[in-house]
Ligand SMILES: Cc1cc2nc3c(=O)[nH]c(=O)nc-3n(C[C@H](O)[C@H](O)[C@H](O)COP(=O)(O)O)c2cc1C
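To begin, one chain is listed below as structure tokens, in the form predicted alone.
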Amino acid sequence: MGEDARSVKLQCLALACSPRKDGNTALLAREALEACREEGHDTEFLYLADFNYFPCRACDGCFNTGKCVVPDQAGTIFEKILAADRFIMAAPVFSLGICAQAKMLIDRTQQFWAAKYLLDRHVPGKPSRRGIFISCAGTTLPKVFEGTLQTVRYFFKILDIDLAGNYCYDGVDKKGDILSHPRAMRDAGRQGKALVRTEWQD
């Protein structure tokens, strides 16, 4: 690439979606985001639980404008996601699916679906955005992450964010259990570094 691609500062955002602050997925997200910071990039960490937002009303209000008409803080969350060069999403599995807090936000992307497929508009935001998804599940049931990953793939696709990888850890239930996992925290740091280093590996 051109002039000192390594000196280009990226905006890196982590969104922790669990209702449990400082839970297992949040710890992993922080570790990955810290690796981005250590690589010299700007970082921001958000707890989804800190925002006031509502489920999609299926009102079709976005069909004419491509913008949601519900007056809450979901718009602020999406502005931050779309302004980021690199996006880390972390959410646990509840009842064999992504936690309700994350699903509620994902459903609010109906506005972007309307913009893309009804109004033939591009999703706003920076080009060449990449992200990763991190998850934990308390159970070790087969295919425990299957439903969650299908939903997450849709979320990243509708926002035009390249999903560079999914990193999921089962059998992690109680708060802080991930700290005893043999490799998870170390892997999160490596994933964060790989996510920002792809800027000059293309």
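Predicted model, so just to flag it, every value in this text is computed and none were measured. One rule holds for the numbers: they count along the sequence shown, beginning at 1.
FYI, the form predicted together with the named molecule isn't displayed, but the following is about it.
Report the stretch among 138-146, 33-41, 49-57, 160-168 that approaches the named molecule in the predicted complex to within 4.5 Å, counting heavy atoms only. In short, 138-146.
Given that the partner is absent here, does Ala26 sit within 4.5 Å of the named molecule in the predicted complex, heavy atoms only? Output for Ala26 is yes: heavy atoms within 4.5 Å of the named molecule.
Look up in the predicted complex whether Gly131 has a non-hydrogen atom within 4.5 angstroms of the named molecule, and give yes or no. Answer no; every heavy atom of Gly131 is more than 4.5 Å from the named molecule in the predicted complex.
Answer for Arg20 alone: is it within 4.5 Å of the named molecule in the predicted complex, judged on heavy atom distances? Yes, Arg20 is a contact residue.
Should Ala83 be counted as a contact of the named molecule in the predicted complex, where contact means heavy atoms within 4.5 Å? Output for Ala83 is no: heavy atoms all beyond 4.5 Å of the named molecule.
Residues within 4.5 Å of the named molecule in the predicted complex, restricted to 144-176 and counted by heavy atom: Val144, Val172, Asp173, in sequence order.
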